[in-house]
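Coming up is one lone chain in structure tokens, specifically the form predicted on its own.
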């Protein structure tokens, strides 16, 4: 893996290089929050020193919230032709790159999801490390440092960025931008790098004790607090929509009014919705909100580990910020630990 340097005085030139590979997307302010949006000119490509948490994670690029997968008619059905642009996503934090690695496992392990893969191949990831805010707890989920899943990764060391090259695409970007990427890395870079890592480690303030939680999910599965949370839960599904590792979807056939034609659409779904587990005969496996909450947190903190070897929570803090009734990883762990 190559390590290069990008001087901050050349930072604005980076846009012109990335734009040759595809559309450039990056976090931009939207009210008090951030969203991933398309960058049309280099002046709008802003590098933030603080941790930037977008409302929706990068999974929105890899699996759209709603898209057509089939055109239907009495005589035939056909797969619609979709032009998927190459997107260069800049400023992706380590925890979200870990989420991307989790999605890669999920969509390719037991069965390959071609809708995901054709979009995954059109995404270039430019990661960036930053100091945590008061909601980030990725140091507790072992996702605060990333070693794979990116094409380039930037670490701010003052007057310059340390740039890690993580893929062939990343190497292509470096070659095209040879006038701004330099192999002249300072001799004391190791000292600066260690100092930055230590500063970042000490900056974490959200400490959620996840030790033993996997076993506690089993031991406390019938605890009374799940009913307490069930009474509070609004079944709005916001927690699942903003979670970077949630993958639930539904498929529905829609017919055109007064026509024999229609479409088969795939869209995001949520295990928090009452009709998610509804089957024929109006039987519902998880009709109560408490049961749906247990399903979600068991999947995040326990079941995913058994299948893929790691939890599917990356400590991004979105559930803490988003849930209007304060049901999140932090409050669930507090109840599990008494």
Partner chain sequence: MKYEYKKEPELYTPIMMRIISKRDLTPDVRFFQTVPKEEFKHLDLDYKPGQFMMLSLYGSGEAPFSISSSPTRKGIFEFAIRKTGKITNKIFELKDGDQLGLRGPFGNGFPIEKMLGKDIVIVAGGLGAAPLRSLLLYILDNRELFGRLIYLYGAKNPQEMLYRPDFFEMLESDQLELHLTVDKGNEGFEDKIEEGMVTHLFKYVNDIDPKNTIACVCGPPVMYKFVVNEILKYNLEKHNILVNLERRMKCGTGKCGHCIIDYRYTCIDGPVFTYWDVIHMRELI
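Keep in mind it's a predicted model, so treat the numbers as computed, not measured. Positions refer to the first chain, counted from 1. For clarity, a rigid core is taken as the largest C-alpha set superposing within 1.5 Å between two forms.
Omitted from view is the form predicted together with its partner chain, to which the following refers.
The contact residue chosen from 195, 203, 223, 117 relative to its partner chain in the model of the complex is 117, the criterion being a non-hydrogen atom within 4.5 angstroms. Think of it this way: in the model of the complex, its partner chain has a heavy atom of just one of 107, 135, 229, 164 within 4.5 Å, and the residue is 107. Here the chain stands alone, but in the model of the complex its contact with its partner chain, taken as any heavy atom within 4.5 Å, falls in 285-293 among 51-59, 36-44, 309-317, 285-293. Within this chain, residue 266 lines the site of its partner chain in the model of the complex, having a heavy atom no more than 4.5 Å away.
Interface residue remark: residue 130 is not counted as part of the site for its partner chain in the model of the complex, having no heavy atom within 4.5 Å.
Its partner chain in the model of the complex comes within 4.5 Å of no heavy atom belonging to residue 190. Heavy atoms of residue 148 reach within 4.5 Å of its partner chain in the model of the complex, making it an interface residue.
Residues are counted as partner-facing when one of their heavy atoms sits within 4.5 Å of its partner chain in the model of the complex; in 74-92 these are 74, 75, 76, 77, 78, 79, in sequence order. After superposition on the rigid core, the Cα atom of residue 221 is displaced by less than 2 Å between this form and the one not shown.
A displacement of 2 angstroms or greater separates the C-alpha positions of residue 77 between this form and the one not shown, with the rigid core held in common.
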